[in-house]
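One chain follows as structure tokens, the form predicted on its own.
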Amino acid sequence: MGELSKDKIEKGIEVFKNQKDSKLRAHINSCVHCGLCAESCTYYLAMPDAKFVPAYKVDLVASVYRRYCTLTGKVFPGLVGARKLDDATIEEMVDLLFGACTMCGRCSTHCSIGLDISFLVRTGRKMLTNMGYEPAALQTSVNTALETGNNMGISDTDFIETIEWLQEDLQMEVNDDQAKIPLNEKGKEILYTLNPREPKFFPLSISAMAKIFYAANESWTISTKMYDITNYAYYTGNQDESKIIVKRLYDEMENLEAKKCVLAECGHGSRAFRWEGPNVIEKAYPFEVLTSVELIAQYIRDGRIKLDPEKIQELVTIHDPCNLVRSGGIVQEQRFIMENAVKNFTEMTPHGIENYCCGGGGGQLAMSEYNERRMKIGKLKADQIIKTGAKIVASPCHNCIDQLAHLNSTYKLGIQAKTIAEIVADALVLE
């Protein structure tokens, strides 16, 4: 991990000392070690080892805080369980805070005193990142986004060519040569964002949303300069890098004079821009921000699109992305959409805010060194899917779609994983 210097330790402790409010002190000193969080954690359920209990991770961060930020911890560290930042402590923190937590928030939901455990884990990650101990593969995703404008490193030429052939396909599908996927058009109602995995690996997701916009006769555009809704700096905890990514989309909204920013199906991206973004850039948004799921639901309610559920006969279930549902409050919209888009729908157990994380959150998909653990905790989701008997699993998050595809292959689920937009596009009735 590199030599641990005094300068590195000071950079780590700065994260504790530079908190602008009392949230950290309140949460870091409040855990009562009741253990209720254990049965909430997918890591502990899949691998029942005490080190995977969320309270243990909280105490790991708290022990370092006590050692460097409290008088008793400095004078009598052994008395209060204060731990020194040495190689062993840092190695354990990297392993557990990055490699054994998706920051799904399920533990916080069941915490007897309401601790924001995800916040404390992210604080620990931020400390490690400040010291230069973030996982290299995860940081590579951030670096690529900073250097190229998107985390997949897609060139402008490749992106535009992809959009052009998708537009041709759209025109053939709707039998209208005037159908467009507009780029960089000013003054539109909506600036639509993408997860870069769409143009790279899942272009049909773009086609699906374009078809929905066409059916709704929407005024919209995509920016070639800044379309990436993902923000992996949210996972590393690097506030400065996260700010750059948020500010780029903010600036492009102003540049293109759009009224609404509609976020593609990406759980952490939605949270990082919609809810965390204004705090990161310390500025309120002068425009509306909403997810494509909310927009589609509104289209249905307003009669702007018509769906025929008879077009989708297979049994469909929903996987709820943690950042979108548990942390974002978007629970009913996707269910309302399914009620109108498919003939046969069933729920997983548990679902909604009680759902199990699929295993791909928290940057796990970007950290190959933890693949074995990722697939072990994903077995919980695989078992849920099997019990439903569903043949299609819909999820409003491309990160989750990726993980579901891995689970499908590993555990032979025999399902199709589709975004909400893809489901709706399949059920559309074009007039």
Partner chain sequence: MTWYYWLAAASLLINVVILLIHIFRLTTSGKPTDFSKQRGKLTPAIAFAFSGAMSPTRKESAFLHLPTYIAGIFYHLGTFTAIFLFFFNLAQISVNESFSRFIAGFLMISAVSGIGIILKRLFVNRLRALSNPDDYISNILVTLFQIFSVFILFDDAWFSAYYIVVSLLLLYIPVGKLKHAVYFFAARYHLGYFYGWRDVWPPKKF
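All values derive from a computational prediction rather than experimental measurement. Numbering follows the first chain given and starts at 1.
Same protein, other form: the form predicted in complex with the partner chain, not shown, and the subject of what follows.
*If we take heavy atoms and a 4.5 Å cut-off, which stretch out of 134-142, 276-284, 180-188, 153-161 is in contact with the partner chain in the predicted complex?*
Result of the contact check: 276-284.
*Consider the chain as shown here, without its partner, and state which of Glu252, Glu173, Glu241, Glu347 has a heavy atom within 4.5 Å of the partner chain in the predicted complex.*
Comparing distances to the partner chain in the predicted complex, the residue within 4.5 Å is Glu347.
_Option touching the partner chain, based on a heavy atom within 4.5 Å in the predicted complex, out of Asn130, Thr236, Ser108, Thr221_ = Only one option qualifies, and that one is Ser108.
*Verify the contact flag for Met47: yes if a non-hydrogen atom of it lies within 4.5 Å of a non-hydrogen atom of the partner chain in the predicted complex, no if not.*
No, no contact at 4.5 Å.
*asked:* Residue-level question: is Arg374 within 4.5 Å of the partner chain in the predicted complex, judged on heavy atoms?
replied: The answer is no: Arg374 has no heavy atom within 4.5 Å of the partner chain.
*Find out whether any non-hydrogen atom of Asp116 is located within 4.5 angstroms of the partner chain in the predicted complex, and reply yes or no.*
Result yes; Asp116 sits at the interface with the partner chain in the predicted complex.
*With a 4.5 Å heavy atom cut-off, would you call Leu79 a contact of the partner chain in the predicted complex?*
It does: once the partner chain is placed as it appears in the predicted complex, Leu79 has a heavy atom within 4.5 Å of it.
_Contact set, 176-211 vs the partner chain in the predicted complex - heavy atom within 4.5 angstroms_ = The stretch does not touch the partner at all.
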